[in-house]
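One chain is shown next in structure tokens, namely the form predicted alone.
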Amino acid sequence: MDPLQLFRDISQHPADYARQWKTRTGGKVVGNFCSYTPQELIVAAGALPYRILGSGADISRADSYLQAYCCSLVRGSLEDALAGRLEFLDGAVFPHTCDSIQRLSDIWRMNTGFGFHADIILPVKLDTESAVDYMVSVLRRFRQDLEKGLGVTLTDARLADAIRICNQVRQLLATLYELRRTRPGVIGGSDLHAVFRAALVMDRVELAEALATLVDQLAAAPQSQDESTKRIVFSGGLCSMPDIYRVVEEAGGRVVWDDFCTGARYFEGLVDETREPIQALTERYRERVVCPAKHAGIYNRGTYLLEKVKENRADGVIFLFLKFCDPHGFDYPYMKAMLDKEGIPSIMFEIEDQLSSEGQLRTRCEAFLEMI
């Protein structure tokens, strides 16, 4: 079987995978909305961390609870819960991120009826000494919440095992990105998107085995002849649209890096396996690049983006923002200015959860790639 086919199947039907996993293992499934969710603690509790991204179905029920100017991720996820499409969940975790996710937590708790519910109120400023103590106490509290909510005992040994397997997954995903960076034609953007979409919901042990097989196959693949295209970096929150990669590739480009929370931000930085587990988890969140809902310096995200553009010899940057995503919108002006100062072309696409107005997007993408 083509190793990629497994990821394609799961990415298209993530809920079916979770249902089958639950039937097969008898374990519990915990939904989450953010890369700041400490998945290691959920894995150590014997549960399946399931990243909720929205199914793209029409939204009607959620409009009774959320304003129309909330992003399609928040509205779509609530719609799925209210419509019973997430019935396999045993609970959900809400890290402290944007205003919409914070309000979604309250609406979710009062209206969806899932058994387990946890808010992880992480500090916003991560570049202070007090943030360390605060974050450690929050993660220890979440550990207790999991034990009480799921009825399990979460031992240090199980947490150490979970950290090890999650680190293994991150290293394999980083290897995939390196393969794409050095040989952009070795895996299509849509296929890499499918790998990540599946990785966010798969059992981490099964995931590590599947990724290892895929990496071995791609590393042994012959060099692609399609290596002379324009190299593009994506920047934004998340991407639920595999078709956007096809649009870029058909316009003559290749995505060689991204800073999505469903991409590089998910795997960058390993948890130190030699340290006390909670302290080690805290340090990883402190040291990796932040999302715009966190703060670690005024120009932290812009500096990171410039570094990635140069490391990956990118010809330009495409900002992909979910419509109504204020945190990314606030960062955009200064990040674009930093790119302009370095002579790096960029363009911004505001999108919904699913690809819409493909013709307009294609025209703008073609024009941008011709320009660079």
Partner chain sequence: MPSDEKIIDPDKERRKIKCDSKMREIMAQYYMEAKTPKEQRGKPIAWITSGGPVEPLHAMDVIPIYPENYGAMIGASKMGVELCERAEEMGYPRDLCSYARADIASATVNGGPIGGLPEPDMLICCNNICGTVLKWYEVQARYYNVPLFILDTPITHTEFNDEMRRYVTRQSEEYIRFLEQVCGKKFDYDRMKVVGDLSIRGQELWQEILDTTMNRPAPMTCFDAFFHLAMIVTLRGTQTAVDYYEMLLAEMKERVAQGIGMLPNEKYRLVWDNLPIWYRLRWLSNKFIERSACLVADTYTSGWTSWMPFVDRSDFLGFLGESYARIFLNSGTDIMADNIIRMVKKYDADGVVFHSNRSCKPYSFGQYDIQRIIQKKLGIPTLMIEADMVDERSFSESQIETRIDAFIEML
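Residue numbers count along the first chain shown, from 1. These numbers come from a predicted model, not from an experiment.
Keep in mind the form predicted in complex with the partner chain is missing from the figure; the text below concerns it.
In the model of the complex, the partner chain sits within 4.5 Å of a heavy atom belonging to residue 333. Residue contact with the partner chain in the model of the complex: residue 216 places no heavy atom within 4.5 Å of it. At least one heavy atom of residue 327 is located within 4.5 Å of the partner chain in the model of the complex. Taking the partner from the other structure, the partner chain in the model of the complex has no heavy atom within 4.5 Å of any heavy atom of residue 170. Contact with the partner chain in the model of the complex holds for all three of 119, 141 and 323, each having a heavy atom within 4.5 Å. None of 85, 164, 295, 275 but one reaches within 4.5 angstroms of the partner chain in the model of the complex through a heavy atom, and that residue is 295. The listed set 16, 350, 358, 9 contains one residue whose heavy atoms approach the partner chain in the model of the complex to within 4.5 Å, identified as 350. Just one listed stretch, out of 303-311, 339-347, 61-69, 29-37, contacts the partner chain in the model of the complex at the 4.5 Å heavy atom level, and that stretch is 61-69. Along 114-147, a non-hydrogen atom within 4.5 Å of the partner chain in the model of the complex is carried by 119, 121, 123, 124, 125, 129, 130, 131, 133, 134, 137, 141, in order along the sequence.
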